[in-house]
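Single chain ahead, by itself, as structure tokens, in the form predicted on its own.
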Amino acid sequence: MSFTAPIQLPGLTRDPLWYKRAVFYEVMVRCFVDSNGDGTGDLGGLASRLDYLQWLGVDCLWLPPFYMSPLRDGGYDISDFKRVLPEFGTIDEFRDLVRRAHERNMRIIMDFPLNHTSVDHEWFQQSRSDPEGPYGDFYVWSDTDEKYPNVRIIFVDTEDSNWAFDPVRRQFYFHRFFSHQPDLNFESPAVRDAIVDIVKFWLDMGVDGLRLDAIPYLYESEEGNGEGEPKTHDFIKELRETVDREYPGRILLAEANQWPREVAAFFGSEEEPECHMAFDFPVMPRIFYSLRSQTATELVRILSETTDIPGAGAWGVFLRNHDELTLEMVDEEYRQAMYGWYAYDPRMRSNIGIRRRLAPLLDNSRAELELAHALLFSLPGSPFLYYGDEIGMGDNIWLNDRDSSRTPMQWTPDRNAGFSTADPGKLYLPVVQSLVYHYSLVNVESQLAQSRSLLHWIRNVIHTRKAHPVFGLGDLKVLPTDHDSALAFVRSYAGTGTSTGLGDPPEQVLCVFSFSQNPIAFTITAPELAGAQLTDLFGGARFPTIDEQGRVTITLGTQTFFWLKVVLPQEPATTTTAIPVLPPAPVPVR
């Protein structure tokens, strides 16, 4: 197996806003490559595939937890924040991974579940056995399970209370997630100091940022709902101040499954910043809703909402990740429609969501996969890909919980999909062997050999996006159309001044999408673009000029899209061509 190697860069670029233009790639360490044949992916295996990820166009890796853990919740139940789980590797191997990524101008951010620990953590064991000791108040203890009545239960399908009784301490402890994950008590100064110490430990390793998992739930109060309490924001401001002062260029990413206006609070303000980035959860299910309803109404509504965030803030947008496709941000009628379209088998559901990968969700439709990715890469914010989605990997709904979409990466048609040399029975999870998504059919090696494969298509879109700063730095304005199945918006960027030939030029791109299962023609109205010329970003083809009233009629095929460069009458017209994919010498992927 080989791929065309990119030009090697000397190291990290020094752009303080690097995250706004970056393409992120979530890769679970245990799922990617097994380098020692024990059946579990590891840090050494991930390091061996950095050339592949650089070739794809990835700027930053997001690593879910690889800490010491009993693995009762995929590693989010941590028993030691400063140790690597031995089956994943060592601290030295992690340092090597960071170094090798930085040599390729790639960054690494890692998950930090700071809200809770595992019951196996030494802090909890000390807290339960010695209430008056140094760790006695590290967790939220109570003589009753009736405190915080306004705090909702998150995992409604497995937990019936946010409190669990501990037979050793003879008290109840508070947990927002599973009962084996007790919440830390952030009212304790010692807890806050310990969390900051852990942050510094990993940033000292060279990590470029931290995804703050479950960030709204740090503090609780009798009056509030335990989500985004004022004290939570106060702590994040203090943490941001420390990071900016001691580790400039590193980022904090908020994971808050809330409405945009609530999530925007975790950016803070220009004067008192909190997180650099935050995930945009509500947009994601509406993309899937539009694909099946064949209407863009819901997307138009949510994209038209204005949510003010600091200038240095950036949204993280995604289609799928290691969790279920959450449906918390929709009403019950909407949720039931999504279940009917995408999770008709109860095994496909988990909590308030759907536990399926992207390709199976879209019935392996190439048109829908391309449309969804084109929308993802053109939205405001930085796109996050999930490992394997670039080749259309399948899932296994017969596996427990979220493991259905955490199966081994499929590299080759050989044994274990090239993931491991171990006996197949030793793999942490079996490789996908379903009829449509069998690893012998869906794998990196075979798609590298096909110029029109999904892998090559996604790579081309990534590199086209990277060539146009407007996608990472520009504004978005939704434009009215006369067809319910059409979505149109213009991305606009003022540039950074190019009188000397340096910096980014001003740019506008018109993005149009059709969710219809039949070809459609529709008219876009944009008076501010009257007289503008339109040119396809990929092929350079000329499109009809927008008329003097600011109207243009576009024809789109079944579930397809265009990205059109806008050149206003007073601007010099330029020829736009697709990003060439040159064929340097192949580099083996071992």
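Owing to the predicted nature of the structure, the values given are computational and were not obtained by experimental measurement. From 1 onward, residues are counted along the sequence shown.
This next part talks about the form predicted in complex with a small molecule, which is not shown.
- The stretch from 434 to 442, 218 to 226, 70 to 78, 411 to 419 that comes within 4.5 Å of the small molecule in the predicted complex, counting heavy atoms only, is 70 to 78.
- In the predicted complex, no heavy atom of residue 407 sits within 4.5 Å of the small molecule.
- Contact annotation for residue 323: at least one heavy atom lies within 4.5 Å of the small molecule in the predicted complex.
- The closest non-hydrogen atom of residue 382 lies beyond 4.5 Å of the small molecule in the predicted complex.
- The closest non-hydrogen atom of residue 139 lies beyond 4.5 Å of the small molecule in the predicted complex.
- Annotated contacts: 368, 465 and 560 are all free of the small molecule in the predicted complex [non-hydrogen atom within 4.5 angstroms].
- Only one of the listed residues (504, 93, 213, 328) places a non-hydrogen atom within 4.5 angstroms of the small molecule in the predicted complex, and that residue is 213.
- Here is the short version: of 335, 169, 402, 102, the single residue with a heavy atom within 4.5 Å of the small molecule in the predicted complex is 402.
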